[in-house]
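Form predicted on its own, single chain, as structure tokens, below.
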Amino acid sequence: MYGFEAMTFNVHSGYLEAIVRGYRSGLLTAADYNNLCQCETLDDIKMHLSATEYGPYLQNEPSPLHTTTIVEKCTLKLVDEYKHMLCQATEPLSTFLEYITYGHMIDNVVLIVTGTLHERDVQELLEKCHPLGMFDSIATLAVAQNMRELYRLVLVDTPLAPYFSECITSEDLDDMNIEIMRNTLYKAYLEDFYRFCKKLGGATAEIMSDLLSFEADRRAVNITINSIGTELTREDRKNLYSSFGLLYPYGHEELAACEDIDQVRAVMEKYPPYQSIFSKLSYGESQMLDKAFYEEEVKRLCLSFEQQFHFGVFFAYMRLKEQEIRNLMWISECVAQNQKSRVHDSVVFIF
């Protein structure tokens, strides 16, 4: 019942909410990013990060540093924090935290299957997988030739099994099929997560509905833009859109019919929350769209910390941390490749 969380929430989840709010205070600030953008080498970046929460993770790394090392160590910190929270959590928070990792599982499955298709070494692919999305039988994904085998041999014992019912076909795996599989799995995952949050009720349902709806709408826009000029039919597109969100159902009908980026823009400008995102872009431009969406997402995630007694803060923290790692990766790459003039192109300030 909405409004009564304050009476019972702290019994099981008060400690963890305090922990996650403490973690949030360790996120890099605009001043940190400005200092990082001034760095000349990766060792300078390491030196600056040594004064932050990342210090213990980077202190023993020898020179010369690589971007992949910085990203790996920062991700390791996120994984350690997540595991600590998961160990302390009780139901239904533990299930909620597990839901957060399913997106990474889907990405890992797609990475391994695509890599195997292009005859890449499995061990090399496993190193590139996100640690939050690992599961026991992930290495055996390489043996699958089609969706049916992929499900029967590997995924039937993973949390992703229910999401596979919509995309089991006997067609051989190719790049197009794999991309459709990724989006079908994501659609099923987001709908399932949305239903779970609605069932929890209260402030969690209210805040998570908003965050997941934004995610569903962003995916709908990206699917539309990426499928322009491909053999995907209007009906195929509609089947990949999630059945909730601000754009559902009328916006989906219009997006499915779009033939170019300006038509997508015309559809999205009918929805006030997305008007500001598209007003930042010039006509015909889609390169900066990702950054505009990330900025809007960060704004919404930060707002979820303004309210207490809900699980949305755990989701928000994980997403903000992932954005911070993306920022660090971009800055490190720009410094390593001597492209400091482009360093502000993709950095999204969090606080």
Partner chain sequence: MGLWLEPNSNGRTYCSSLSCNFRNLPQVQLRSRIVDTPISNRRTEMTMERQQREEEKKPQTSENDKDEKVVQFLDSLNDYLTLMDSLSSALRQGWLELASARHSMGSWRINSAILDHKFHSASTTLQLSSPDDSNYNMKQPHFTLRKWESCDDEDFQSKEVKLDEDEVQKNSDDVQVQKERSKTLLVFGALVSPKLRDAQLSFETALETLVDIANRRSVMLSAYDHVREEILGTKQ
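Keep in mind that this is a model prediction, so the values were computed, not measured. Positions refer to the first chain, counted from 1.
Keep in mind that the form predicted in complex with the partner chain is not shown, yet the notes after this line are about it.
Just one listed stretch, out of 190-198, 108-116, 269-277, 80-88, contacts the partner chain in the predicted bound form at the 4.5 Å heavy atom level, and that stretch is 108-116. Shown here without its partner, the chain carries Ser209, Asn239 and Lys299, none of which come within 4.5 Å of the partner chain in the predicted bound form through any heavy atom. In the predicted bound form, at least one heavy atom of Leu232 sits within 4.5 Å of a heavy atom of the partner chain. Among heavy atoms of Leu125, some come within 4.5 Å of the partner chain in the predicted bound form. At least one heavy atom of Glu179 is located within 4.5 Å of the partner chain in the predicted bound form. Taking the partner from elsewhere, Asn183 is found to have a heavy atom lying within 4.5 Å of the partner chain in the predicted bound form.
Exactly one listed residue, out of Leu246, Met134, Ile225, Ala205, brings a non-hydrogen atom to within 4.5 Å of the partner chain in the predicted bound form: Ile225.
Applying a 4.5 Å heavy atom cutoff to the partner chain in the predicted bound form picks out Arg326, Met329, Trp330 from 309-332, in order along the sequence.
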